[in-house]
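First, one chain by itself in structure tokens, the form predicted on its own.
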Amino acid sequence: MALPELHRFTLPNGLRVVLAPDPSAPVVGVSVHYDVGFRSEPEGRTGFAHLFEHLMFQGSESLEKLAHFRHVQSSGGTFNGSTHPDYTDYYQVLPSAALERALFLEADRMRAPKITEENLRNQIDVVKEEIRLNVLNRPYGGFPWILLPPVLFRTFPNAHNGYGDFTDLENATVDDCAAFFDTYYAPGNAVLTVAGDFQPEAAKALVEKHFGDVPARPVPERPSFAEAPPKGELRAEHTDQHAPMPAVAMGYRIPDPVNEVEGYLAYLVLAGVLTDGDGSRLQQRLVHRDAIVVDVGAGCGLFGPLEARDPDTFNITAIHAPEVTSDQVVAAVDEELLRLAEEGPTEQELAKVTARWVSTMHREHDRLTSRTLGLGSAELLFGRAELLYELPDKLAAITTDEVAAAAKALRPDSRAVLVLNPAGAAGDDASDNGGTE
């Protein structure tokens, strides 16, 4: 794919704009990334960032409820939004002739979403049902993204459940929502990205037309969520009422993805060496040779790689048979990490993993939805949308020594271990412990 030239400008109200023209298909993607996510929620308001994402689809002061849906779908487009640890995004992908419509809709809700008691109560019920469906009533729901952080981290922003506690959600008020909007949904706290089939000067004029009069508001100072890595191994157990087999998750701290991106990417390659494909180290050892697990995975970030600022997490998860103990699984993982730390991956392993990652990234970037969202998140988190196009080359440059160093840093004396027990299994009485050193 030919890399599109990026154009940047900032409106007087502080809105940062990234334009990525690409005339290869008559479609456009429009996204807005706001610099607020789970980690910005105050104590007593867990789940608020995700709840507010829902409210942004409930109409505005000038458009009735469901109008946003109708305008996008009648143009032949798609849309959605999602909440992450450090940002919330909204997007639509439409035929290029509908670019102005998409810009109008995003500017309209940035200016004044319709926050009413009726909309709030309705969306609280929707979010609670989403939690029941995706977490409470699903096997391994919340494993590990909800359950592992409170073991690995000690501060509220990093440790709490971003989906939210039902009591916190029910206590939300219209005034809370209005204050959240005023604080975090200022144009100066957002990045607008337009990618696809358009002329840059024409798109700039449309952006200025629709977003230029959105009132500027103070931009909150971004807090640091930094905290020291654990001193020792932290352990906890959790009982899952629906899981058919026990599981274990290991969490480790990894380099700052913003200031140490090459160091971070070595862990991404390490994850591939460990669990990507049948020939990977942990698949061969745990699934095929020892036959002690039925599924194993590893990765950077609980939501995926490069989805958050520091601190971020490297996690390894495994589902194992009831007759196998979690300690057996953890010990086998430690042995394989030690081998990699001492010997590094082979050149063949490294080439296979990096080639697969590079291919995956190119394929994802060729999809307009992924490209639009990736450019926006890279600009917001890293200050450089270009990073999206640099990642394949950076990954291809990772060496065996760098992967070995990453494996060496995943130490048993600085990690979290979460044991998940099916209901009725031995150890249930230890369910939901806090982690202890």
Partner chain sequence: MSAPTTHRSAEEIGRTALGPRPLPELGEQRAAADLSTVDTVLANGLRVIAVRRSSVPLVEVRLRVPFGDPAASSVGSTHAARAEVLANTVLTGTASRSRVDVDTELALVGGELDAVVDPERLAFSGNALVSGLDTVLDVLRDALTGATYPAEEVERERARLVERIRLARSQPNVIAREALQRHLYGDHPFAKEMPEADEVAAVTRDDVLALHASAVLPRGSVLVVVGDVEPDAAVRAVEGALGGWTGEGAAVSLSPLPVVEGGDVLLVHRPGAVQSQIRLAGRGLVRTDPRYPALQIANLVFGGFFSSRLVENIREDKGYTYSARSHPEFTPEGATLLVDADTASEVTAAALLETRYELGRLGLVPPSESEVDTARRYAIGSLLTATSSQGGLASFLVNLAGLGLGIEWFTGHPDRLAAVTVEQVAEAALEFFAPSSFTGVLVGDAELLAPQLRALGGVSLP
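Numbering follows the first chain given and starts at 1. Computed from a prediction, not measured in an experiment: that's the story for all the values here.
Quick note: we don't show the form predicted together with the partner chain, though the next part is all about it.
J.: Classify T399 as contacting or not contacting the partner chain in the predicted bound form by the rule of any non-hydrogen atom within 4.5 angstroms, answering yes or no.
T.: Taking the distances in the predicted bound form, the answer for T399 is no, it never comes within 4.5 Å of the partner chain.
J.: Consider D197 of the chain shown here, and say whether it contacts the partner chain in the predicted bound form, taking contact as heavy atoms within 4.5 Å.
T.: Contact check for D197: yes, within 4.5 Å of the partner chain in the predicted bound form.
J.: Find out whether any non-hydrogen atom of V27 is located within 4.5 angstroms of the partner chain in the predicted bound form, and reply yes or no.
T.: Yes - in the predicted bound form, heavy atoms of V27 and the partner chain come within 4.5 Å of each other.
J.: Answer for P12 alone: is it within 4.5 Å of the partner chain in the predicted bound form, judged on heavy atom distances?
T.: Outside the cut-off, so no.
J.: Among D366, D334, E262, E201, which has any heavy atom within 4.5 Å of the partner chain in the predicted bound form?
T.: None of the other options qualify; the answer is D366.
J.: Under a 4.5 angstroms heavy atom criterion, identify the one residue in V258, V330, I319, L302 near the partner chain in the predicted bound form.
T.: Residue within 4.5 Å of the partner: I319.
J.: Picking from 221-229, 154-162, 308-316, 133-141, which part of the chain touches the partner chain in the predicted bound form when contact means heavy atoms within 4.5 Å?
T.: Comparing against the partner chain in the predicted bound form, the contact stretch is 133-141.
J.: Is the partner chain in the predicted bound form near all of E61, F180 and V287, within 4.5 Å of a heavy atom of each?
T.: Judged in the predicted bound form, E61, F180 and V287 all sit within 4.5 Å of the partner chain.
J.: Just to make sure I understand: among 373-394, which residues lie within 4.5 Å of the partner chain in the predicted bound form, judging by heavy atoms?
T.: Contacts from 373-394: none.
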